[in-house]
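Heads up, the chain below is alone and in the form predicted alone; it's given as structure tokens.
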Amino acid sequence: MSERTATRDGGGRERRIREIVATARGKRPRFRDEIVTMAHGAGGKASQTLIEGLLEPAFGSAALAELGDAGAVDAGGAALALTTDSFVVRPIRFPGGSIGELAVNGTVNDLAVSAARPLALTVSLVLEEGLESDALRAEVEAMASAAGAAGVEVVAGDTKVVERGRCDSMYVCTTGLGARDGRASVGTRAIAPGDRVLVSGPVGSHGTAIMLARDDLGLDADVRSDTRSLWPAVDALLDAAGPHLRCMRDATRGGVASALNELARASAVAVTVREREVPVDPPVAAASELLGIDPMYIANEGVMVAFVAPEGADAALAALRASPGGERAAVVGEVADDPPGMVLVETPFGGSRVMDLLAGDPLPRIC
């Protein structure tokens, strides 16, 4: 067999494999698990099965079916966005942030990437008996400071105390209300072939900072969480790219990989990522090597993925790089029409591979 024929046959085999994977992934998941496991909260395949196989059909909400970070609400002519989240992290304070700051920024960011200006929050605290008052005071102050920096007001809340051992120090549940911005119409199904894929900064810092704080790695490195409000970056994007902005997603649980997979599947497009273009800080890359983890799967709390039409990509990139924390923003890939619903990675060595959703729970809970 000639080299040319072998190459052609090899390409046919690769296409067939992708077709099989695409067919399997195109089927609607069914929730058949007998018990809930940690994997159901990891942002991967188990989470997808729980949401699409149980929660979405049960609630029957069109907004929930969009699988966005915030639901659209129209009230008396006001275009609003509503989101809710729960935060469980150990330790509750870590380099670069804490659970209180994380809770505020995470909720603000869910609104921001839905193109909604954050307006107000509610906060519910679940406290463990025995939690030191100084630790509680520090987290309340952290929430107040983060809310002030993000320009939102805490307007309501609730507090519960549970028996010692029933909670990891404290859990924080937040709900956010925002005003949808008219400069762009974004959605999970708006992505189209030819769009550029941007990330707003280096990936993997948040998850790595928490693993180091737990001494899970035995690695002496200065890694800090990237937790921050993304609204200034989104505001700049809306000004610069406006109608060219298709969709945004903050890359929290499951990292950039999960965000890309969710959006590729929702829009029935293919996403190709150039691995060498993805910004990763050296200490994060080193920790990932030690653990055998792809940094694309590690959680972030101040990094988003944006899909932009090609004619707006340069302006969008410039806007991100001029925003706080966005100095290393990059265009990391493009959108194609085939194979639909899949994310492919071009490796630095000239090959390619499928970057799928997480199949289990390889990382400890970090958000």
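Quick note: we count residues from 1 along the sequence shown, nothing fancier. For clarity, every value in this text was computed on a predicted model and none was experimentally measured.
Below, we turn to the form predicted in complex with another copy of the chain, even though it does not appear here.
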Closest heavy atom of Arg253 to another copy of the chain in the predicted complex, within 4.5 Å or not?
yes
Considering non-hydrogen atoms and a 4.5 Å limit, does another copy of the chain approach Pro29 in the predicted complex?
no
Applying a 4.5 Å heavy atom distance criterion, does Ser288 contact another copy of the chain in the predicted complex?
no
Do Ser185 and another copy of the chain share at least one heavy atom pair within 4.5 Å in the predicted complex?
no
Assert contact_stretch over 173-181, 192-200, 205-213, 240-248 against another copy of the chain in the predicted complex, heavy atom within 4.5 Å, equals 173-181
Which of Gly151, Pro282, Pro91, Gly157 has a heavy atom within 4.5 Å of another copy of the chain in the predicted complex?
Gly157
In the predicted complex: members of 83-101 within 4.5 Å of another copy of the chain, any heavy atom
Thr83, Thr84, Asp85, Ser86, Val88, Arg90
